[in-house]
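For reference, the chain that follows is the form predicted alone, supplied as structure tokens.
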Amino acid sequence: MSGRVNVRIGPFITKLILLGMFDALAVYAIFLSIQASNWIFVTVIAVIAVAFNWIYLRPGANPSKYLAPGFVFLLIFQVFVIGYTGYISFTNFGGGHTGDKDQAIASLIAGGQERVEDSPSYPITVVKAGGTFGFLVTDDGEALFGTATDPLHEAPKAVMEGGVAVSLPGYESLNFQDILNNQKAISDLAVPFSDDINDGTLRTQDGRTGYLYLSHLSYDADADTITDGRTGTVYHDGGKGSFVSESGDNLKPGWTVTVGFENFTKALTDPTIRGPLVQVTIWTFVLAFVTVFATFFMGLFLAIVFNKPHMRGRKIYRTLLIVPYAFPAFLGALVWSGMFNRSYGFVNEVLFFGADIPWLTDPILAKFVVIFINLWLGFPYMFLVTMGALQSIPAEVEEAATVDGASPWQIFRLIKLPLLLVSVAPLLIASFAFNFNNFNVIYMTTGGGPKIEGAGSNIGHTDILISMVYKIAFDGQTRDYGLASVLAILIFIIVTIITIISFRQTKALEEIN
């Protein structure tokens, strides 16, 4: 009896411990979300935490206990990602527009700061608590304290020696050696002089004297404008996430705002995006179709050849044929890229006797190279798949067809191939989706190049949609996450439509059985 009780208590205690850890993480995430004023996350996390406790603490409901973790992962890794991508596509989120308006104003004012001639200076003591540095400042015999995020304020508990504030309870005063050891962090430290960002910041180079840095830009909160003190130019909120002058000049950085369908319109009407987008889309389809077609039939051909039971050494041949499949794809693409190098590559130097063939810089040849490398990397997989599918077809079927007078070609075309497609069609669909987004080969082989004339974001002739999205989002100075999200949605729609159509065709093939 006591043994049965122990068996039940053990799992129960384990469940309580795991549930307690989950609740602790949930509470921590809720606090972080509250600090960020993200009330949607607060609500979602609270609902999930309550639901988990209700599901796992009540008896029974075993299906819910198994489904709940999967449902949460579905929300996090699928629904949230899709929803967030959709949200970003309707914003100007990108390079120069990554924060809110207050952050943009603070960044503009801070970026325009410089030490002006005859600016005030103050004796300071650099202090540190944990990993946070601060300035203990003496101003007219009074002690002030501030950090990078906490403007200068009175510090009545500071210890004074010789009329200078030298220490503060709870903080470590740095000596000369400490200042040298943390020179970069201290020289980069800018402590706001007051709550008004127009009053500038205090900085130091030697750790002993602080100098006031003022910005040539000033912000007027009542008028919501920024004025350049050097030129007298006034910048106002242009309504699209940046301050704009009367002449149309933008101040950068700006802030994130909703722009409606502007990114979708830009993708379809901007000549630097629309033309390359059409070319890249066509090439993406060509690459995916040709790769799947070529790898499948090459793998099938080799599987038929090496499926002969009386062939000598066929195990050795089969092993050699799947070597490329064991090779890391990105490394294989990198090696082939070197072999096709125009100046010192193996192909030009050895196979073409020193010819000067621009394999990777000519638009047509570069596409040929990408397809060739994809074929080299992909045919072993198809070889293995079709080999297994061929061996699953009963030998009696072929024997019956032979007795009926069918030729080998008729047996293959009318019997083996249809039966083969029933089992491998889902794999061909998956292979198409993989090659549709085969970023590694493009990035490691040609980098998407050579560049399309007049295209934005360095888009090239061998770029596919996913590498184009990468370049728009992360390459160059003009990072446009909103436009990249639009293209990501386009890829999602295309792959979804093709997958649905393909699976319907696969279902039709199953009727052959």
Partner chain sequence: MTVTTTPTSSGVVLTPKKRTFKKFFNDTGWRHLVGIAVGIYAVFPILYVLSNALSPTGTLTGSNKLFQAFSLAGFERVLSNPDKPFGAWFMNTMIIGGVVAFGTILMGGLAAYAFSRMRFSGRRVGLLSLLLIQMFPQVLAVIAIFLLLGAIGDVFPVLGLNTRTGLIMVYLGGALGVNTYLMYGFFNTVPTSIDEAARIDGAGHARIFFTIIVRLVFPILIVVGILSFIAVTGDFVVASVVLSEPDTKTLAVGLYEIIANDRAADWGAFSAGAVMAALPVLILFMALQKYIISGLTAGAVK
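Residue numbers count along the first chain shown, from 1. Note that the rigid core is defined as the largest set of C-alphas that superpose within 1.5 Å between two forms. The structure displayed is predicted, hence computed values, not measured ones.
Only in words, not in the display: the form predicted in complex with its partner chain, which the text now covers.
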Practice prompt. Tell me the stretch among 331 to 339, 131 to 139, 244 to 252, 148 to 156 that has any heavy atom within 4.5 angstroms of its partner chain in the predicted bound form.
Written response: 331 to 339
Discussion item. Going by heavy atom distances of 4.5 angstroms or less, which of Tyr211, Phe90, Phe412, Phe71 would be at the interface with its partner chain in the predicted bound form?
Written reply: Phe71
Response to the item:
Of Phe293, Phe176, Phe80, Phe353, the only residue with a heavy atom within 4.5 Å of its partner chain in the predicted bound form is Phe80
Discussion item. Thr43 versus its partner chain, in the predicted bound form: is there a non-hydrogen atom within 4.5 Å?
Written reply: no
Discussion item. Would you classify Leu32 as touching its partner chain in the predicted bound form, given a 4.5 Å non-hydrogen atom cut-off?
Written reply: yes
Worksheet item: For Thr258, is any heavy atom within 4.5 Å of its partner chain in the predicted bound form, or not?
Response: no
Discussion item. Just checking whether Pro63 would be counted as a contact of its partner chain in the predicted bound form - the rule being heavy atoms within 4.5 angstroms.
Written reply: yes
Response to the item:
Of the residues spanning 479 to 496, the ones with some heavy atom within 4.5 Å of its partner chain in the predicted bound form are Arg479, Tyr481, Ala484, Ser485, Ala488, Ile491, Phe492, Val495, Thr496
Worksheet item: On a core-based superposition, does Ile45 travel 2 Å or more at its Cα between the shown form and the other one?
Response: yes
Worksheet item: 2 Å or more on the CA of Leu25 between the shown form and the other one, with the rigid core superposed, yes or no?
Response: yes
Discussion item. Superposing on the rigid core, I want to see if Tyr317 changes position between the shown form and the other one - specifically a Cα shift of 2 Å or more.
Written reply: yes
